[in-house]
Ligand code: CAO
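Starting off, we have a lone chain in the form predicted on its own, written out as structure tokens.
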Amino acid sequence: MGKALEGVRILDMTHVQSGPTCTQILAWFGADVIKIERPGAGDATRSQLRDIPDVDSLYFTMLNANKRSITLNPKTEVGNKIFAKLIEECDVMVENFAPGAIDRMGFPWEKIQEINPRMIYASIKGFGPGPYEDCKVYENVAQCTGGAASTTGELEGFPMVTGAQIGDSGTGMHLVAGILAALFHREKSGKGQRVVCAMQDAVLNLCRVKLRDQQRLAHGPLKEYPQYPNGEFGEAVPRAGNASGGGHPGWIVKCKGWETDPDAYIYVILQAMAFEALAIVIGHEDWLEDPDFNTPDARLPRLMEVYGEIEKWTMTKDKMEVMDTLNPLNVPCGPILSMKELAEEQGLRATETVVEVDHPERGKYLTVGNPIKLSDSPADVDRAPLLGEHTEEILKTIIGLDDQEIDAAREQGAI
């Protein structure tokens, strides 16, 4: 079976997390991703948060699988020519530099179009056009400016960012969709185009249910939020603790062992059609005849009381026992799984969502595989490249340089 993007060549000018997330997914789909790195230094994450001295960090290796690495300085005369040739030979260029960086290298969009009219030029920016478009953005800044932090956290607490990288990786995944759409459009038009994703925009897209609630708030209190009925709502969507963002209430409750295990908890959703079974199993069959509890609307003002009773029951069982009991009853629930548990979960290994990779310098390590599964295009996960590992290979096979020309480029500092 062939790879979905076999034959597509990506010029990867990205670094750190948001851009490499995008290009790694394209590489998993079979694209030939050529990662451009600074001679002698490479992507900054190669040396960040190292756990083994002088070895590429997990930060780098887990974001750059299946790619080829070439060191190149486009600011040199030879490097500029090599970069122009790569633009000519590639289908997509992806970058997440500060605004204007590629232009200052001498390659504005107009020149790229002249070199390769079929080129798709994809960029990740912090903000879209407006007063903040020239500002730098990192993960937590994106979460704060995109609405995630203001709606996350304890009810009366300060704003919180989430451990999920919705700013960096979330934007990278959005950019993948844009690139694939542009590639599809090119099949019909024959022309490339610009694709831009702003991190603020991507985070806001992932927070759309909160924008929904902002508009609902104008017509009365948000009854599914814990602040109802006794708390007060201000002018903006409040923080809601662990309340569900959907139409059915949800909350996290303690399980057996919570005193010593920080992850001995489970999330339980009060889905209306499964409430009867849940009430019976926790010993509250009386709720089924009680007008204070036997309808969703009646339960809303008493949600904390309901979850208090559920928690009395869950604290008698470990989280997996709760899962095993409630799942057959069609009660939606999910244990709080630690990173240790996820790393050891054999089901995730079987689906290659968690993959063990062998690296020539650090040895074996775990990484996340492609979360997008295609039935006829398997996504193999290979290790990340060493710095400049494929420089000569790429210069010979794509650029057409011979050994003497490569030596001359190296002497000039172009590679």
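Don't overthink the numbering: it's just position in the shown sequence, from 1. It should be emphasised that the depicted structure is a prediction, and the values quoted were computed from it without experimental measurement.
Another form exists, predicted in complex with the named molecule; not displayed. Remarks below refer to it.
Although the partner is absent here, residue 364 is not a contact residue: none of its heavy atoms lies within 4.5 angstroms of the named molecule in the model of the complex.
The named molecule in the model of the complex comes within 4.5 Å of a heavy atom belonging to residue 16. Using a 4.5 angstroms limit between non-hydrogen atoms, residue 137 touches the named molecule in the model of the complex. Remark: residue 168 counts among the residues lining the named molecule in the model of the complex, judged by a heavy atom distance of 4.5 Å or less. Look at 271 to 279, 224 to 232, 137 to 145, 173 to 181: in the model of the complex, residues with non-hydrogen atoms within 4.5 angstroms of the named molecule sit in 137 to 145.
Out of the listed residues 104, 81, 216, 312, 104 is the one that sits within 4.5 Å of the named molecule in the model of the complex by at least one heavy atom. Distance criterion of 4.5 Å from any heavy atom to the named molecule in the model of the complex singles out 97 from the list 267, 109, 97, 287. For the stretch 57 to 79, the set of residues having any non-hydrogen atom within 4.5 angstroms of the named molecule in the model of the complex comprises 72, 73, 74, 75, in sequence order.
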